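So this first bit is one chain, no partners, the form predicted alone, shown in structure tokens.
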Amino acid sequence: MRRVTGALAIPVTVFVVLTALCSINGASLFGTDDSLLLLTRGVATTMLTAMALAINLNSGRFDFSLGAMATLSSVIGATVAIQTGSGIVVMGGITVAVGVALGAFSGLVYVLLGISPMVCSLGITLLYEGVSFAITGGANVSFLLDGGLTSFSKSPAAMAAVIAVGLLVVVLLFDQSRFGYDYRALITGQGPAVAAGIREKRNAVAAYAISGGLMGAVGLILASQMGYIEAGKLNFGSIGIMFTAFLPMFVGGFIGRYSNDKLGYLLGALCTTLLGLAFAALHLTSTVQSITNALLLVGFLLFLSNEDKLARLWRRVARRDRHTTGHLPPASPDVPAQPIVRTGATAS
């Protein structure tokens, strides 16, 4: 019961608070016909991005190239689909496969060069953005009039399927496979794990590849949603997509203490998507939305940094309450309750 309560406390609180805020302002959290589509699509893209970010960040590897992977993989997938006249299935398969290849290449560069993962990912970001620019000549890859390619992200059922498949694949890979066991062993004790025979570099490249595959799926959804791909982003213009996943990743990690961390990322993505729906219902400007998101992220990080202090303060207050009159044992029927006699020390 404690685990269920801990896992659902934040999502339920967020839903209740946002619903109340919308009601006070005469709006509805799900007031449009597209609410279900916006909810499922937002959860899908946010959950996949948060997982892709967390896979390497949990191992101490900061990856700035996630947005560039999503852009380049979708550029290649869409270009092939347009030129061959094939549908969304071919585009999706190529986009995800290219995402896996791009992630694996990024991992190989990291393990072979042995440089800082942050510096490595910045170089990879510039490389992937440059390749996208070279393929398209800096122009957008547009397929607005192709209903087959744009219909994918307009189906709540398709988005729900993406959520289910993405969650299942990640759970199987990280919780039910030899790769996942090695991955967790390296996180909790890198030295002993390597000494025990776990191949750290191979595991790191595989983790990068899985992260790239997830970002390929994100690129597919975003491309299908807009009907075009902005391939002219240079000088780290693609990094922004990574920062959208920080808040759900940290919230999901906290929720994961009471359940599975992958389920935590799903619930964290649900919270931030509900927040986005509330922003739209309340007609908040993009500036106010950005400031609110930043304040929530900083506030949650402050909470995580001072969690032990808050727990000690809570226990101290609880012990003090147990010594108040309200917690005295019930009086015997034969002996009436006696009032507390405070000495000068306790009364002060």
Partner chain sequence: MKITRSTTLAALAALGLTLGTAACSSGTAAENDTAAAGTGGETVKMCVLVSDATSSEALGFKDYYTQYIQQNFDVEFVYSEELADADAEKRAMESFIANNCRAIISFASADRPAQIEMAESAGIYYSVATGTLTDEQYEMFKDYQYYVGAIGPSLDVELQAGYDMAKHFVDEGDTRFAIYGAGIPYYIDMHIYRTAGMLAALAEDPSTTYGGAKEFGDILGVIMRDGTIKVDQFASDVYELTGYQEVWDFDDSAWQANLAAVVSSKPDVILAAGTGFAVFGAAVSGTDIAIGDIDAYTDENAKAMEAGSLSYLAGKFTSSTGPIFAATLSAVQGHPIRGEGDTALALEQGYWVATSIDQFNEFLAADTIESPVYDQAALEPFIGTDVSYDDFAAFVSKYSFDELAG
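All figures in this text were calculated on a predicted structure; none of them were measured in a lab. Residue numbers count along the first chain shown, from 1.
The same protein has a further form, the form predicted together with its partner chain, not shown here; the description that follows concerns it.
Looking at Y228, you'd find a heavy atom of it within 4.5 angstroms of its partner chain in the model of the complex. Looking at A101, you'd find every heavy atom of it more than 4.5 angstroms from its partner chain in the model of the complex. A residue is said to contact a partner when one of its heavy atoms sits within 4.5 Å of a partner heavy atom; G92 fails this definition for its partner chain in the model of the complex, lying far away. G189 falls outside the set of residues with a heavy atom inside 4.5 Å of its partner chain in the model of the complex. Just one listed stretch, out of 155 to 163, 73 to 81, 138 to 146, 180 to 188, contacts its partner chain in the model of the complex at the 4.5 Å heavy atom level, and that stretch is 138 to 146.
Proximity to its partner chain in the model of the complex, defined as a heavy atom within 4.5 Å, singles out one entry of V109, V169, L263, A209, which is V109.
Scanning A280, A27, A311, A294 against its partner chain in the model of the complex with a 4.5 Å heavy atom cut-off leaves one residue, A280. The three residues T5, G60 and D175 each lack any heavy atom within 4.5 Å of its partner chain in the model of the complex. With contact defined as any non-hydrogen atom lying within 4.5 angstroms of its partner chain in the model of the complex, the contacting residues in 28 to 48 are T32, D33, D34, L38, R41, given in sequence order.
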